[in-house]
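The chain below stands alone and is given as structure tokens, in the form predicted alone.
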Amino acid sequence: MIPTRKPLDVEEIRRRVEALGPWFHNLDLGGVRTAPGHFLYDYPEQKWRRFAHALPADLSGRSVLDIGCNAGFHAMEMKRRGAARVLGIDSDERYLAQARFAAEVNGLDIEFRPLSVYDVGSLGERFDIVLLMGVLYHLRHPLLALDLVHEHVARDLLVFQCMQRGSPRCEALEEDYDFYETWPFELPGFPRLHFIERRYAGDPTNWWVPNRACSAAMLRSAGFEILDHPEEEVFICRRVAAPSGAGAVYPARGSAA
């Protein structure tokens, strides 16, 4: 439990916010905005409001893992819904320091650890709800990350969000095509994962951006059944058996010719 402390006054919060900056999550901490000039304005709260209804309002007794938690917005929302245990992980120590401070200001008992999505197997436990929000497009090995989440930490629900570009269509594709049938690849709604060699939106950590069909296909391929798609970039999924077996072990579905 977080020990009882005298509430911080506004000036002390403002001083700490400035010392811990810059922030990507524009949080309201006791009336102090952490990123008042954010290019996405009230982010991530304004996006959260578009899909919050799709998650259980009461998380009593459930455990939550927030992968790539940044400053802890979603982890705090899960704790506010009564989750018994919330763990947030991120590979950036600066974000973790922000998250710990934000949880302290809000009086929320949340654990934060420095850990990469590729290292989730070291946790040695599964969680009822796993959040993977705004992470996939920052990864050089995105499908590996989904495989590892499935194999090591997801017990039931996965809440997935990813920046998407390209067509919003999802084509009804056949199970297989002949080697000489190349036309499906030209369809606007064929699953596409766009590779960014240098940077996008000024960010060198933006590596891959899927279209909507690709997000859905990758989730299914990793063993996540899509239950809901409440917002254009958000998928609510349930962990099921991976269709190709152990995905993170090559070759997953047969030897190459």
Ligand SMILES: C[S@@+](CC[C@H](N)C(=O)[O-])C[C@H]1O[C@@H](n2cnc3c(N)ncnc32)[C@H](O)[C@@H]1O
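Remember, it's a predicted structure, so these values are computed and weren't measured experimentally. When you see a residue number, it is the position in the sequence shown, counting from 1.
From this point on, the text means the form predicted together with the named molecule, which you will not see here.
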Given that the named molecule is left out here, which of L87, M133, I129, M76 has a heavy atom within 4.5 Å of it in the predicted complex?
M133
Listed residue that, although the named molecule is not shown, lies within 4.5 Å of it in the predicted complex (heavy atoms), from Y200, F190, W208, Y43
Y43
The named molecule is absent from this chain, but in the predicted complex, do W48, S63 and I110 each have a non-hydrogen atom within 4.5 Å of it?
no
I'd like to know whether L139 contacts the named molecule in the predicted complex, with contact meaning heavy atoms within 4.5 angstroms.
yes
Is it the case that L115, even though its partner is missing from this view, gets within 4.5 Å of the named molecule in the predicted complex, heavy atoms only?
yes
4.5 Å heavy atom contact, E125 and the named molecule in the predicted complex
no
State yes or no: in the predicted complex, is some non-hydrogen atom of S215 no more than 4.5 angstroms from a non-hydrogen atom of the named molecule?
no
Looking at 79-87, 165-173, 115-123, 150-158, which one sits within 4.5 Å of the named molecule in the predicted complex if you count heavy atoms only?
115-123
In sequence order, the residues of 81-100 that place a heavy atom within 4.5 Å of the named molecule in the predicted complex are D90, S91, D92, Y95
